[in-house]
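A single chain comes next, written as structure tokens; it is the form predicted alone.
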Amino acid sequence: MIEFDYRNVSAEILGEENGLNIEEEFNNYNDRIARIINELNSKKDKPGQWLQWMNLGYSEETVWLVKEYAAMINGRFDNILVLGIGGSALGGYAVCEALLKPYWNLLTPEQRNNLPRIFFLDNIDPDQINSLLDILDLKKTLVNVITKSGSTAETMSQFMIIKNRLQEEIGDNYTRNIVATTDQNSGILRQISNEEGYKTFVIPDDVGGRFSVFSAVGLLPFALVGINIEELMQGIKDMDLALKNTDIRHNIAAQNALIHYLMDSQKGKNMTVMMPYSSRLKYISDWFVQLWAESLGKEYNRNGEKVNIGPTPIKALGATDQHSQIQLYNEGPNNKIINFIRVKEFDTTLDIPKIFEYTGIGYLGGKTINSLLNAEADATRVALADYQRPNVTITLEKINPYNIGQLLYMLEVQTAIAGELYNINTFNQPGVEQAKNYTYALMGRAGYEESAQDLQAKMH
């Protein structure tokens, strides 16, 4: 299982002003945490609770359908192009970056075991889209368009462009190059898919985008590039079993949720830094930023009181950001808690040669880059504690599908528990909708004429 070290948030190390009396707080909150865990598990099957993501690790039918499709089209495509934004792309991108060989798309087909390259188009920058289309042979590209509603302007505008080009280049058989992941019954993409005959996969009801990585949203791209999704799902199931434990001393998601909540509410640490010491885990931070920000940043609590709460997530990468951010973390405002992710065993080893022994860098010779990276991680967390800066460390034995499944599911449950501690709705995002509606108005969508008039007045 994943290891979790919270020593560097304790008052013994940080002092009373910045640290927690952690065992005392575990005692104080044990009953409340137990109620939260029981309630989450008891409500996860009830419609409208937005907790179906807690069941995704057990969806054997989805695994079977995804694997069947991946086997059926094996060898037909050189490229997978994923169209999505936010939760429809971040999780897939993060897991592919973690589990595929680095520089996957630059490897030869032989080095990729003849599996396709994969590209995530998660923005609507015209230069990026045009440049990607310039290098992709669409005839040999499978396009996976992902949106539950089918009304996501960014994703559907991308799709309209690429669908049109596919049709021009391939002709009537272009539908074979499209697979849609969307709502089972309703929405614009479901309507289009049914009319045009696209192969489809389902985004389950009561699963929000930022919690959808273990649905077909993520599993389909993973299977298409050869990631072992059964091993991934086993990691989720084993972590789910561990996180059903209502004793906070044996539940790492509850521990980290409570630590972050108390650091924010009692100690003024309202910023959460996610800092993996592995380039392969860099985009886990991007995924976490959406999960944490969109889930916990809320104007109102469940009692209807205006609270404007939510810790701000920040992404960083070790050791890179030791040279850009750590100065601020050590000596700037003491308003952050840093989450390190550390990897014990890397897939490869890289020796540092014994040269320049007559100089001040001679001590590095004979060591490994592996040990240097982890020494940097350990030195940084101790140095932060010396400055009374709270930090926790999540340690993975190695980067594999099992451990990545565990890590992401643990962070999802941690977020859900934190939301209950804040007494807010973790699963809505009303603050996102206003800008969406304004965009619809600016682009002339029917039904938004009044909004367009209001917006024009505000802009001028």
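We number the residues from 1 along the sequence you see. Everything quoted here is computed from the prediction, not taken from an experiment.
Keep in mind that the form predicted in complex with ligand PA5 is not shown, yet the notes after this line are about it.
The closest non-hydrogen atom of Ser149 lies within 4.5 Å of ligand PA5 in the predicted bound form.
Ligand PA5 is not shown here, and in the predicted bound form it never comes within 4.5 Å of any heavy atom of Gly92.
Shown alone here, Gln429 lies within 4.5 Å of ligand PA5 in the predicted bound form, counting heavy atoms only. At a distance threshold of 4.5 angstroms between non-hydrogen atoms, Gly87 is in contact with ligand PA5 in the predicted bound form. None of Asp240, Asp122, Glu294, Asp264 but one reaches within 4.5 angstroms of ligand PA5 in the predicted bound form through a heavy atom, and that residue is Glu294. Interface residue among Gln325, Asn374, Thr141, Gln290 relative to ligand PA5 in the predicted bound form, by the heavy atom within 4.5 Å criterion: Gln290. You can rule out all but one of 164-172, 337-345, 95-103, 208-216: in the predicted bound form, only 208-216 has residues with a heavy atom within 4.5 Å of ligand PA5. Along 246-264, a non-hydrogen atom within 4.5 Å of ligand PA5 in the predicted bound form is carried by no residue at all.
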